[in-house]
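Take a look at this single chain, the form predicted alone, given in structure tokens.
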């Protein structure tokens, strides 16, 4: 087991490096920069722009710096480590080296603030929203899927599939607006302004909106896997041995049917926590997703890179935890690992 964890962690290094490389490439393909002129704000003159680029290292080459290495070589430097550092003295590799030390850099738009400080300050809001959405999705989606599969082609099956299809098909922003109009404006059940996001109560409506799509997906995949498992030969054998129907469902059907469900729960939780941009915007939640979108429009390079790396790290860790949970559900997988 320990070797498996170490192997997966080592594989995470090239994955995160590739994510950083792709994000950096796409980020610089967009026109403009973090200090470009904005007609709605005070203009930045050329000398100030050059000074800002030099201060934040944006005047250096994007990927490699052969000119710096050539200058050192011409000056008589022959140390390969010194030449290598000069060759990699670029925007991308400088950011990667700093990120490896836990420094995600300063925000180019929010003066005097580091990226990690901004993210970790707003992180609790997104975490609460994502966790509540996942709890709703799991405690609702799995029972609905199981009941629909055990009562296939019944009215319960049709109703659960109907709501699951609605949850997957209707966009989140439409559901969010309908919830605000109906429950906030008409019935006055929820507050849509002046919410204290340091308490749990204001998160109930946004978490239901955010978790509806995941709940629908979990319902559908649970139903399909339970239908597949209950037709297996060992299920008929368990019934023939005289086991009660409850024991057959709990110990044999559910335990084997949960493996595909667990596979999607880890990435789904990370997606709910980090991808709640629309929900946070609709309900004015000061989460990290809103800052990530603002950073994209403002070309805040360090904020974009830092957020992307943290998101990717969470996805990698979630996949590792999912793989470890397989052994708890299926002893055959544990013995093979």
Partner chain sequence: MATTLTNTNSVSDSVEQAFAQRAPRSLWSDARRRLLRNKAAVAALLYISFLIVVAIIAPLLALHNPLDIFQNNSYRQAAWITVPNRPEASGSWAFPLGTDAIGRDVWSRLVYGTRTSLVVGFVPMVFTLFLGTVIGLVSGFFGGAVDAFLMRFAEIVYSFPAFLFFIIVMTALKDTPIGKFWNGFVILFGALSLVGWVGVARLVRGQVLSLKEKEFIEAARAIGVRQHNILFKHLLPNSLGPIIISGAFIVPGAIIAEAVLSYLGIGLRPATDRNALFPVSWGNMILDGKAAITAQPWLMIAPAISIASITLAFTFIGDGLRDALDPREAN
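We call the rigid core whatever largest set of C-alpha positions still superposes within 1.5 Å between the two forms. Everything numeric in this text was worked out from a predicted model, so none of it was measured. Residue numbers count along the first chain shown, from 1.
Heads up, the form predicted in complex with its partner chain isn't pictured, but that's what we're talking about next.
A heavy atom within 4.5 Å of its partner chain in the predicted bound form is found for one listed residue only; from 259, 119, 138, 132, this is 259. Only one of 211-219, 97-105, 67-75, 81-89 places residue heavy atoms within 4.5 angstroms of its partner chain in the predicted bound form, namely 211-219. Not displayed here, its partner chain is kept clear of residue 63 by more than 4.5 Å at the level of heavy atoms in the predicted bound form. Although the partner is absent from this view, residue 27 contacts its partner chain in the predicted bound form, with a non-hydrogen atom inside 4.5 angstroms. Among residues of the shown chain, residue 312 is one whose heavy atoms approach its partner chain to within 4.5 Å in the predicted bound form.
When its partner chain is considered in the predicted bound form, residue 267 lines it closely, a heavy atom lying within 4.5 Å.
Counting a residue when any of its non-hydrogen atoms is within 4.5 Å of its partner chain in the predicted bound form, the hits in 227-245 run 227, 228, 230, 231, 232, 234, 236, 239, 245. Fitting the two forms on the rigid core leaves the C-alpha of residue 268 displaced by under 2 angstroms between the shown form and the other one. Here residue 59 does not count as shifted, since its C-alpha moves by less than 2 Å between the shown form and the other one after the core is aligned. Core-superposed comparison between the shown form and the other one: CA of residue 285 displaced by less than 2 Å.
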